[in-house]
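A single chain comes next, written as C-alpha cells; it is the form predicted alone.
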C-alpha cells in the first residue's frame, strides 16, 4: 500500500492528501476489473436476475448475522448467499418452473424475511448503509480480500472459462462434451454470490446489480468477438468506476450510484454504435 500511496502523491490533485480516497481509488479499480469480467459471463448466462436476487437477499444475511451477535455480519452474508445460490441451482435442476420464477420466489422470500427481522424494534435504519454503500470507508485489509477474490476468479477462468462459455452457448453440446453442467453452474453462481455480497457494503444493494450488468451490456453492443466483449466490458467498468468516484468526491454524492450513472451513459452511447453495425 505504501507504494500505491507514494505513486498517487505524485499526482497534481487535491484529493491525494486523503488516505480514504487512495484506498477508494484502488478498490474501485479492483472491483471494476472484477465486475467487468464476471458481468460479461453473467450476461452470457442470462443471470442478471440471479445477481439482483442475491443482492436483495443480502438483507437476510445481515439479519441472521445480527441475530447471531455479529457486529459486522459479512461472513454470515456470504455463507447465506452461497446457500441461497445452491438452493436456486438445485431447484432449477429438479423443478419444472422457469428459472425466473424460481429466482423470483427465492428473492421475494429472502428479502421479506430480511426486512421483517431487521425491522424488529424499529432498528432498520441502522442498516441503511447497506442500501447505499460507502466505498470511502474501505480499509487496507478489505482491499486484500478483494485481491484474494480476484485471484480466485482468475483461477476459475483459467480452468473453466471455455466450459462455462460453451455452457452459455449450448447446454446440450456442453453435456455431450462431458461437462458437468450443474456443478459448473453452481460454482459460478456461488462465485457471483460471493462477489456481489462482499461488494454490497461499498456499492450498495440498490445499485450493485446495475454496476454488474451495465458495462457488459454496453460492451455487447460494440464488441465483434468474445475477447473484445470481455475487455471492453472491463474498460467501461474501469472508466465508469474511476470517473464516478471522482465525481462523487467533488459533488458529495453516493459513489456507487454515481458510478452506475456513468455506466448507463456508456450503455446509451453504445446503442449508437450498435445501430451502425
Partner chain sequence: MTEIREPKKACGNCCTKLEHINVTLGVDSILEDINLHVHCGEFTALIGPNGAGKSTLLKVILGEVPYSGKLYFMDSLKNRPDSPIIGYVPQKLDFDRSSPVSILDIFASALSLRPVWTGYQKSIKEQAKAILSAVEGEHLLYRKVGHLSGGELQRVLLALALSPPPDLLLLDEPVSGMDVTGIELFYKLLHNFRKKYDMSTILVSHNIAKVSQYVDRIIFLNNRRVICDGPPEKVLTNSKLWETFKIDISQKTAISEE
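From a predicted model like this one, the values you see are computed outputs, not experimental measurements. Residue numbers count along the first chain shown, from 1.
Omitted here: the form predicted together with the partner chain. The next part is about that form.
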As a check of understanding, the residue in 115, 173, 147, 83 with any heavy atom within 4.5 Å of the partner chain in the predicted complex should be identified as 173
Can you work out which of 63, 213, 230, 28 has a heavy atom no more than 4.5 Å from the partner chain in the predicted complex?
230
Each of 48, 76 and 131 near the partner chain in the predicted complex, meaning some heavy atom within 4.5 Å?
no
The partner chain contact in the predicted complex: residue 109, any heavy atom under 4.5 Å:
no
Spell out, yes or no, whether the shortest heavy atom distance between residue 168 and the partner chain in the predicted complex is within 4.5 Å.
yes
Is there a heavy atom of residue 187 no more than 4.5 Å from a heavy atom of the partner chain in the predicted complex?
no
Considering only heavy atoms, tell me if residue 37 and the partner chain come within 4.5 Å of each other in the predicted complex.
yes
At 4.5 Å between heavy atoms, only one of the stretches 174-182, 100-108, 133-141, 201-209 reaches the partner chain in the predicted complex; which one is it?
174-182
What residues in 129-163 sit within 4.5 Å of the partner chain in the predicted complex, counting heavy atoms only?
157, 158, 161, 162
